[in-house]
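Read the single chain below, which is given as structure tokens and is the form predicted on its own.
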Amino acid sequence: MRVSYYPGCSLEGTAKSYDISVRHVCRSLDIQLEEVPTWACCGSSPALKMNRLLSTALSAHNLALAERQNLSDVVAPCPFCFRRLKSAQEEMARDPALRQKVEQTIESQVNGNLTIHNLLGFLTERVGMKAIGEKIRKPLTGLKLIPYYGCYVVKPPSVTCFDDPANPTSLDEILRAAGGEVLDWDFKSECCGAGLSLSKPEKVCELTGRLVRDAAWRGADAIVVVCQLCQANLDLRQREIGLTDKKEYQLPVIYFTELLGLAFGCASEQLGLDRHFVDPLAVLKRKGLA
């Protein structure tokens, strides 16, 4: 299966381990990722706040490049990129005047014929749980996992059109197929506050604190994420939360693709698991998985 691949800015830098593990997982599933050539920022955050036309034009530029690959699907692991690419395509379809402005800005035509997927949705809906289950070589037996979707991958449902925004289950299904024990909790799609990291750090600590505390209380071995901003936010702030609570938190925050890669038989050093602040290798070694 061949698909266009839009990694986005974060996966080229701070979330490189996400990109590494995505590529290993897709290779194991016989998915050929064809990276969009000369892609640029999707304009999801600063550009969207400052200039709507600029933000839409940035995403349209990437969509135009992807269309030239002559593939019907484009996959974006980053929930922010996924939402912005999808929103831009839909905005131009609804507003011919906007589309004309955008095409003039990027000096290219956008046909709007791509199907845009978040990686989690692509794996569950297009690849399917049967195909994923057939690739499991080293089940995640004994690993107690909290599935954390964050808010961007499923909300707003009118844009994402994926899973249940209040009680999503696709990540749960993948982790169970990989042999992990999935723990139930109430914060699956609650915001971790990553977008407020610079403007309201005290609010971010409050939001991340309740997630980390609840996951630890439930006896989780790790929090499993699909978003690089959620990963960084929960990974970085545990010391700060611990100082507030007068206790130490060492709860690994792991990309679902890293765990899926392990279950497929990839070595831990191939998946970027050594790039986290809270080291996940200790618990994985205790479980005989690394």
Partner chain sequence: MFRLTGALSEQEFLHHVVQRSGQNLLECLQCGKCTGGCPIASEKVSGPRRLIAEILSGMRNEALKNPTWWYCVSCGTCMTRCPVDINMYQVATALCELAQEGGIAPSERDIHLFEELFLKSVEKYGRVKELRTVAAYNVITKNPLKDMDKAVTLMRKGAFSPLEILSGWAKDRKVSRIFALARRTSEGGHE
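Bear in mind that the values here come from a model prediction, so they are computed numbers and not experimental data. Positions refer to the first chain, counted from 1.
Same protein, other form: the form predicted in complex with the partner chain, not shown, and the subject of what follows.
- Of the candidate stretches 110-118, 69-77, 133-141, 157-165, only 157-165 has residues whose heavy atoms lie within 4.5 Å of the partner chain in the model of the complex.
- The partner chain is not shown here, but in the model of the complex it comes within 4.5 Å of a heavy atom of residue 43.
- Mapping the unseen interface onto this chain, residue 195 counts among the residues with a heavy atom inside 4.5 Å of the partner chain in the model of the complex.
- Remark: residue 213 does not count among the residues lining the partner chain in the model of the complex, judged by a heavy atom distance of 4.5 Å or less.
- When contacts are judged by a 4.5 Å heavy atom cut-off, residue 34 does not count as touching the partner chain in the model of the complex.
- The listed set 151, 175, 92, 220 contains one residue whose heavy atoms approach the partner chain in the model of the complex to within 4.5 Å, identified as 151.
- For the candidate spot formed by 2, 170 and 285, no residue has a non-hydrogen atom within 4.5 angstroms of the partner chain in the model of the complex.
- If you take 248-273 and check each residue for a heavy atom within 4.5 Å of the partner chain in the model of the complex, you get nothing at all.
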